[in-house]
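Read the single chain below, which is given as structure tokens and is the form predicted on its own.
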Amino acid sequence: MRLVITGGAGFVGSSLAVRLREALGAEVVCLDNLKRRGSELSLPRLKRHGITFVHGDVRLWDDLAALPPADVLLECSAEPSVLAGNQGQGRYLVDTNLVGAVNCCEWARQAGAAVVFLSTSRVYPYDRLRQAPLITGETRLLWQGPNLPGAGPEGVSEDFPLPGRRSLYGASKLAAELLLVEYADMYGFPYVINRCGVITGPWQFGKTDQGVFMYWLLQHYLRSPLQYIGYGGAGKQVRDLLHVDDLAELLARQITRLDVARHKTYNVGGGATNSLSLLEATDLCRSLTGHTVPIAPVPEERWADIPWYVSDCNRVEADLGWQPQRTVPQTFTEMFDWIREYREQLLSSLR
């Protein structure tokens, strides 16, 4: 089996490349434009694991056309920042997430490859998500009240209504999903769509709007100040967390059981069991690092932010028997060990 991974030098793409090569015994080819700072640090890791790296850009058809044919295309390329579209980067975001996805669909058509597409929970409209009946608990916001259509205390399901605003990032990923469905229907290749929540783990170079839990831990390690942004500045907003190795185990099942997963859309995340607030993450970071950093409250919400998001993964569990295996404390401990081991590389990516 040959597997092509776009965005293959990013945190998610490179981590999946290593794990899927081990799990499937596949030949793996990674394509990446190395735009994101820190992605070049993945190249020695890919080489150590016998993975072929190709410098290229999904926005450029000729770069994709030069790739060897493959059995599966794992589409991980994206501009993943919700804020990017609100900071003058809208054209790059749409070109990467939508034009890039069209090029990937065309490549899959010509190669006869299955497509496993990494989408995002951000396809769900933020105005609707803000309607969740939440109360303020001691350390987090808690769901208390009637379910919404497609959402409840267990999380947000694939049936959550899609009309509404979702950011350019979310809109571009949803548009890519729709085009993938049409391409696959017209040309007869299989696909799977995974709408992922917060993915984290070792080898992530986190930012405030991309990889928040790694960013939170790293800032504690470096004794750098932080902010609780929005929702009263208390840090009680909630997300679920998924270790990238748990995602890799799911994708291995999807690839080897395409008869079950074919043409399905799944919500994929840590679920309610692996959810936490920023305030709870702070306690973990203090415990691991031994450092207490100043955290300033910023009561005002950021544009397009949401107070609570947890992935309801019942559908993928029913189809493939998959559940996340790594707990929140285990994931944070692995990330802390990695930060200490790769401290110099991390600091060089921040300069």
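Remember, it's a predicted structure, so these values are computed and weren't measured experimentally. The first residue of the shown sequence is 1; numbering continues from there.
Just so you know, the form predicted in complex with a small molecule exists too; it's not on screen, but the next bit is about it.
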| property | result |
| --- | --- |
| Three-residue site Asn267, Asn314 and Pro324 fully in contact with the small molecule in the model of the complex at 4.5 Å by heavy atom | no |
| Partner-proximal stretch of 184-192, 252-260, 273-281, 112-120 relative to the small molecule in the model of the complex, 4.5 angstroms, heavy atom | 112-120 |
| 4.5 angstroms heavy atom contact with the small molecule in the model of the complex for Phe11 | yes |
| Partner contact for Ile199 in the model of the complex: the small molecule, 4.5 angstroms, heavy atom | yes |
| Distance check, Val238 to the small molecule in the model of the complex, heavy atom within 4.5 Å | no |
| Lys173, heavy atom within 4.5 angstroms of the small molecule in the model of the complex | yes |
| In the model of the complex, the residue from Leu218, Leu180, Cys76, Leu73 that sits within 4.5 Å of the small molecule by heavy atoms | Cys76 |
| Option touching the small molecule, based on a heavy atom within 4.5 Å in the model of the complex, out of Arg45, His291, Arg302, Lys35 | Lys35 |
